[in-house]
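As structure tokens, one chain now follows by itself in the form predicted on its own.
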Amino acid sequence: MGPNPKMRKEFFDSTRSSPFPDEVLERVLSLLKSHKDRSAVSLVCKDWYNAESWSRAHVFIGNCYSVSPEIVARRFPRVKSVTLKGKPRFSDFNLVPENWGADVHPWLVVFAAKYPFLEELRLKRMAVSDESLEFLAINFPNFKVLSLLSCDGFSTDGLAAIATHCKNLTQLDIQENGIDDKSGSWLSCFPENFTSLEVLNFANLNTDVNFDALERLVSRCKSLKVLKASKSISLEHLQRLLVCAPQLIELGTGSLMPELTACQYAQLENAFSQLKNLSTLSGLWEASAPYLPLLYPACTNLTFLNLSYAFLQSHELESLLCQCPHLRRLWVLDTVGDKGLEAVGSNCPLLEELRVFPADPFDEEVVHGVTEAGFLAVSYGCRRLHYVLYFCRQMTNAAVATIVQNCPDFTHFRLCIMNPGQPDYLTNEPMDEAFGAVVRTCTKLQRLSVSGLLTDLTFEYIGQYAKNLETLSVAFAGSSDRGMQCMLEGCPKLRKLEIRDCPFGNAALLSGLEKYESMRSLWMSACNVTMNGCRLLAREMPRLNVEVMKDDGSDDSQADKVYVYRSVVGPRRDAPPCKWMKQAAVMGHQRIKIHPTMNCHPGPMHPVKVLQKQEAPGHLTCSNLLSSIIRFPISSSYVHELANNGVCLLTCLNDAYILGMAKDLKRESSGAIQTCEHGGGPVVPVLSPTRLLVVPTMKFKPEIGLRSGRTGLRWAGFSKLRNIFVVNAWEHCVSRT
């Protein structure tokens, strides 16, 4: 079942700009698997654009509010597979309101009308109800693949609807969801003649499942390749399942805790020995030393071992790793200690990915854990390592520099020092040089998480060297707004920026005006951003949605959590109760939303006229400069008007003054002008706080500012300067924090 061939012909006939066989274009595009590559080739010409539109079968949408389902369906009429992401990642840490949105149902309604042939749906951090799952099961007769990762709002009743109605289902993957686990009877809803299942993952369900129904299902589905069971599956039950499915490639066990008789132990050991093709092993809840040898026969071909639920000690991990010569991915808890990681370095020369999670991240008195010694040991033995997530309680600059020298091909480097603001514990120096070494050495770096005591120097390094960086996570770091400015100015491929508990304020937020439209999202929480700064961002960048989430009892002027993302559809229509501010501006309407509802007014709009406009000579005296000052606040729309006439914004001047007899002025990185020396006369408060200095130039560089002159002020570096305006800014746009 698919789109009407007649519609396809009419589509191409109406848009073709030059003769070229459709079949050739579609054949070429079918060889491109990456959505980024397909998006790139669609820009070659109109024919390629149309062919890519018609031949695209899979669509990835990184933010469900960046585009509407109607636009997607209009752009890609033959889609059979959709991957859709919703809430920000910080919803995993309870930093996003429960009723924030990301409801999948409006998407399903459009897909039912436009894509009745839809076969695959993968959702991440979306709100999914039982009604939505039932709607999905009934309206897509050829539906085959459902993956729900970190979603919430549904129960096992919704899974029962999927099992009942999706006759062609091949994959049911339920991971880390906030699910209402009512009962395990949903497995009995699969019809007795149902045999198509290839992937079944219900590892995060808590209640007991109907094991007889599960056993019958596994027995019928001879093509089952992935089975990840919940913690409720005992070793005895696991043995019966393995006998039914020796063809498994990926296995997630249940609990390894219950005691077995000698006969049961032998039967389970034999069942594991039949798993000749097993490449992934996970689960292993409550794993203990006596039962680990059961796994040995199945470890020969393992490439991925997930022990993130197994509280293993170093000697237990070492005994298991000795059986895994081909391991490429390893997830462990920090209970293994540095000794366990030394075993990783000794036994896993092919390792490419390592994740070390904290067993108890909130226990400051914990005695176990890993340090720089374990990380160093891994780097010496695993030279192919390119992905690391490492939670530790101490680290040194020298250790990180050595690690990246040993493993220079890192694409993902996520170092999480759990004590905020922790310096190099040997030298007591900031960790700047550690992350400087990372970005200098790892030229392929795409994702970076920084932690520890960090100054702006770290972010200068990132801006200077991390040219392939796409995702950056920052917490408890930085000295001033300069740090964030360096990141935004220096990382051309940056797509996601996540910031928590940093001193970055309005100047930092507004320094990314040119950057945000090319990014997927910006998250800032517990920073120094104010509501006025968010208003100005929304006004200046009309194609961005700016969302502010307020904490109970917080200062009305503070923006506690800010989420900024680009969108082609404007403000979303399913926002929780809030006040949308739609004050007109020259460039469009603001898109700023506040959670929860609060009174936010952008301030009065003042009429403005230019008192004086003059030709700017190479040297300006103080008297000439003062004569061109507009003496009362102006609106932001007037600044836009200047911008439309070739006038560029230089900087925001905070607490800035021009002295009557100034001899030497300097502009600091924050944008403030301070007087180094003056000659006697009275201080004249020409520019009061939160004023803007606006100058016109065709090729403006913000780093070129005021320079000192003997008798007044002189503009340097602007050979084509024609007119100068010194104006008071809209006072309600920005406030210094």
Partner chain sequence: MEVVKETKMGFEETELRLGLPGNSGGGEGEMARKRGFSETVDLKLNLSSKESGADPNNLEKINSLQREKNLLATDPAKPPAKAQVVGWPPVRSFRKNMLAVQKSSTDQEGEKLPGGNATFVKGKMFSSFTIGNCGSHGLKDFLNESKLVDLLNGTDYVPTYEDKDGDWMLVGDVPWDMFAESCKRLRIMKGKEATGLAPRAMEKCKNRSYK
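Residue numbers count along the first chain shown, from 1. Computed from a predicted model, the values in this text were never measured in an experiment.
As for the form predicted together with its partner chain, it is not shown, yet the points below apply to it.
Residues within 4.5 angstroms of its partner chain in the predicted complex, judged by any non-hydrogen atom, belong to 122-130 and to none of the other stretches in 481-489, 160-168, 209-217, 122-130.
Taking a 4.5 Å heavy atom cutoff to its partner chain in the predicted complex, the contact residue among Thr261, Asn94, Asn99, Asn193 is Asn94. Interface residue among Asp360, Glu134, Asp181, Asp173 relative to its partner chain in the predicted complex, by the heavy atom within 4.5 Å criterion: Asp360.
Contact annotation: Gly570 falls outside 4.5 Å of its partner chain in the predicted complex, judged by heavy atom distances. Within this chain, Ala289 lines the site of its partner chain in the predicted complex, having a heavy atom no more than 4.5 Å away. For the chain shown alone, Pro542 is not a contact residue for its partner chain in the predicted complex, no non-hydrogen atom being within 4.5 angstroms. When contacts are judged by a 4.5 Å heavy atom cut-off, Lys496 does not count as touching its partner chain in the predicted complex. In the predicted complex, the residues of 388-427 lying within 4.5 Å of its partner chain by at least one heavy atom are, in order, Phe391, Gln394, Cys416, Ile417, Met418, Asn419, Pro420, Tyr425, Leu426.
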